[in-house]
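Shown here is one chain on its own, the form predicted alone, set out as structure tokens.
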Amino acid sequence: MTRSHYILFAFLACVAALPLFGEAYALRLGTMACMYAVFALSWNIVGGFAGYPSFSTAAFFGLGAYSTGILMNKGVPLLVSVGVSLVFCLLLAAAFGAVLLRLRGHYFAIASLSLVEVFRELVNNATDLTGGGMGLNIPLVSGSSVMSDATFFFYAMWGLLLITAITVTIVATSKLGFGLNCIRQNETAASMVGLNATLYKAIAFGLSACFVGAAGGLYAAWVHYIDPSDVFDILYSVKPIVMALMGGLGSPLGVVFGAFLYLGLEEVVWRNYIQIHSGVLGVLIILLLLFLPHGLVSLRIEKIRQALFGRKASHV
């Protein structure tokens, strides 16, 4: 593990202390921030490590939400339902990935985007099972107070974020991570030296989908009601990419910081510019990417470099 990995887990430990001093509103923001971080970390496996621009996050988020909701309506406990959704999304994404990841560049991006519409239409037409366009009600996990409910889902989403971060760290420091980096740099050369690129990419695509599916399941149980236009919202596919770019593409620490920064900006802009919040948020993101093209991680590295070489230059 590198120093950035230790910083990441120290940061997550600090986030876990939020219920000690936060109200229900702060816990809601903390839950959303953890969910966004799960999105960004998951996307980073296939987009940051392997270099494949996936737009399928919304597809597996919605699929996880609906599979969990359907299981809970049949009396299956929440954690079991979320676990089943995780495994289901992992296997389904790996199968799709083995096919879709034979495409490259914008061809793959369009193909992954089409998954969102395919799954949305399937859910819309399976009216008896999903409720179709009328949506699906999810039973309450418990009849406890608002604060205890908020605390429960905060820790559930935080726990999922911790598992995702551990998995991404293992991938980054393993043979799989090395192989994905080789694929990003030159896939043809990697295949020529014996790397099974199809297998590596399918595993990466499965890992990038399973935690998003589990987050969808927790989200469904949290809000108690889902419909296709909500959980298959294409913005869920775009936001992780923006978060990863803001934090630092390929860096687990950077993408988590990017997710928390994105949520902070989104909340502040929404509060102050409710009528034009999407436009203002878009302008801020463009400015950040223009003046910080390599994300927050590069800002930290630049500061250290300036502190070292700048001070040295002043003595010359």
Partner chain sequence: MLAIQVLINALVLGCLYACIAIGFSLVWGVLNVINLIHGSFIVLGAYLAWGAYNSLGLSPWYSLLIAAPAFFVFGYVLQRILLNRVITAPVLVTLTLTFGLDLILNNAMIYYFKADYRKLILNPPTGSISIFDVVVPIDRLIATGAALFLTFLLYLLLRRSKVGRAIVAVRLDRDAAVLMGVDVKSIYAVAFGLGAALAGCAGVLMALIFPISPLTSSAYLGKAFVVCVLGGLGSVSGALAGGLLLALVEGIGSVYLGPAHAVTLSFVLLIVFLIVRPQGLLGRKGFE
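Positions refer to the first chain, counted from 1. Note that the structure is a prediction, hence the values are computed from the model and not measured.
We do not show the form predicted in complex with the partner chain, though everything after this point is about it.
> Could you tell me which stretch in 65-73, 253-261, 28-36, 52-60 has residues with non-hydrogen atoms within 4.5 Å of the partner chain in the model of the complex?
So the stretch in question is 52-60.
> Looking at 229, 145, 186, 114 here, can you tell me which has any non-hydrogen atom within 4.5 angstroms of the partner chain in the model of the complex?
In short, 114.
> Pick from 191, 198, 173, 125: which has a non-hydrogen atom within 4.5 Å of the partner chain in the model of the complex?
Contact check passes for 125.
> For the spot marked by 87, 91 and 266, is every residue within 4.5 Å of the partner chain in the model of the complex through some heavy atom?
No, because 87, 91 and 266 lack any heavy atom that approaches the partner chain to within 4.5 Å in the model of the complex.
> Taking the partner chain as it sits in the model of the complex, is residue 218 in contact with it (heavy atom to heavy atom, 4.5 Å or less)?
Contact with the partner chain, no.
> Tell me, yes or no, whether residue 159 is in contact with the partner chain in the model of the complex, where a contact means a heavy atom of each within 4.5 Å.
Outside the cut-off, so no.
> Heavy atoms within 4.5 Å of the partner chain in the model of the complex: does residue 225 have any?
Although the partner chain is absent here, residue 225 would stay clear of it in the model of the complex, with no heavy atoms inside 4.5 Å.
> Give a yes/no on whether residue 129 approaches the partner chain to within 4.5 Å in the model of the complex, heavy atoms considered.
Outside the cut-off, so no.
> What residues of 71-109, in sequence order, lie within 4.5 Å of the partner chain in the model of the complex by heavy atom?
If the 4.5 Å heavy-atom criterion is applied to the partner chain in the model of the complex, 71-109 yields 99, 100, 102, 103, 105, 106, 107, 109.
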